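Okay, so here's just one chain, in structure tokens, the form predicted on its own.
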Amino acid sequence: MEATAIAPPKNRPASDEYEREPVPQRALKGPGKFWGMYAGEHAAGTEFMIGPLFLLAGVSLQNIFFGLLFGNLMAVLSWRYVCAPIAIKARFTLYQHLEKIAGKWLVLVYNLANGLLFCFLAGAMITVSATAVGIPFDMPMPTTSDLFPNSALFVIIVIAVGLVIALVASLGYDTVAKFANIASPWMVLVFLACGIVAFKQLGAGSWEELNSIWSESILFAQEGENQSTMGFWSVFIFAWFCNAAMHVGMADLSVFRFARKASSGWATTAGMYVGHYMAWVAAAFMLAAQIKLNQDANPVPGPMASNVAGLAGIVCVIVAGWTTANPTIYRAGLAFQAMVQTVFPNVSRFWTTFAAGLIATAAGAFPAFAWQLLGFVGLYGTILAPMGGVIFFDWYFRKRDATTFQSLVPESSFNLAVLLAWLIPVAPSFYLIVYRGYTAVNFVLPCWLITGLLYQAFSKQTKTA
């Protein structure tokens, strides 16, 4: 059953993003607005990086095909049945929703972490686009060993690309969705074409030949070791939780609050199977083809796409970086706005989003964020997703409904139960990931469940006291 949102004043400008109130009925959008956005966001810049990183990690083709098949299905179900139902009833952004539970001062801390981590992810996508923009200028390409900018030209191109992306994201959800809907159909076809051309360049006539060429590519990339650090379950869990902050972490409450029905959550299928399946495999084949033809295992997106699709590949990399960075910066801007509004209630979403774009641009000048994507997405999911567990358990175990939740006043400005529930599992997990080298994505689900359960236990104790 769909909730009736509270209507805002009639004189509210049409560009308002309803950051601190439920989205009204007149602003709701049909499923078409979401299919294009998710296809564009997830058949995008990260795909040019993650697919090749599977090869560098020594993952077998069988584990890639089946791990992604089932892992992506779990991600779609998480969006459809965990995130979207709450979004279309409450109609709030993640940040406003969480503020009603945790209080404005605790959410300020969370919003800072949320916004910065999203900026770093967007920065990696700016790096991806810059590697394509730099080709006509003979820009020295960064390598996997480059943690810092490798040339002044690279920094200049990153700044130019980042400013354009920041401006598009700052114009609001409609502009972000429109950009994705225009770009995604063409971009998906280029991804498919890149994969087909790369596959033909490999020259495999059978599954056995393809497996043999793939193993040789791994052997070359790993300088003769041919070791795998990821099996089926590793790929499955990565595919499920690489976007954990968005689905079980509830960041996409900010997106699906505009949906008429929870069934719009199925639109994420376009992102997962066009992007996180077809595009990842295509990008992995592109690196394998580059290794075979050029004896080069450097997974720089621009040159890889140029090798198989020429100018179309270069343009695809540029646009792909934009379509991921745009909604990511939009989310970061909402986080920063919610944070700043604690002190300055009238701060503009445009300027907080533009500031997020500038931070992302600065991060984009450091290639390390792009090269470490496999670990980074797991880390930011481990940090951010558990707050989604608080929202999930609060909504269902406290039997919330739209009317009561929309009028809910926070119990305190700093909910200690939420803070403890979040830190108890996340703090030791952060230590194990950063300082002991454990695989980050494996901690997402345990932290999510423990945080939700602890929140329920601590909240009951508080009420009893």
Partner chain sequence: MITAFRLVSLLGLALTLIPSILFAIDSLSLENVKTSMTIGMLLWLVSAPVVQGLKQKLPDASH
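Just so you know, these numbers come straight off a predicted model, no measurement behind them. Positions refer to the first chain, counted from 1.
There is another form of this protein, the form predicted in complex with its partner chain, and it is not shown here; the text below is about that form.
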- [ ] Sort through Met141, Val197, Leu73, Val133 and report the residue having a heavy atom within 4.5 Å of its partner chain in the model of the complex.
- [x] Val197
Task: The unique member of Ala309, Ile237, Met339, Leu117 whose heavy atoms fall within 4.5 Å of its partner chain in the model of the complex - done: Ala309
Task: Heavy atom of Gln201 within 4.5 Å of its partner chain in the model of the complex - done: yes
Task: Val390, heavy atom within 4.5 angstroms of its partner chain in the model of the complex - done: no
Open item on the list: Given that its partner chain is not shown alongside this chain, does Pro185 nevertheless sit within 4.5 Å of it in the model of the complex, heavy atom to heavy atom?
Closed with: yes
Task: 4.5 angstroms heavy atom contact with its partner chain in the model of the complex for Val315 - done: yes
Open item on the list: Taking 4.5 angstroms as the heavy atom distance cut-off, pick the stretch from 217 to 225, 125 to 133, 189 to 197, 327 to 335 that is near its partner chain in the model of the complex.
Closed with: 189 to 197
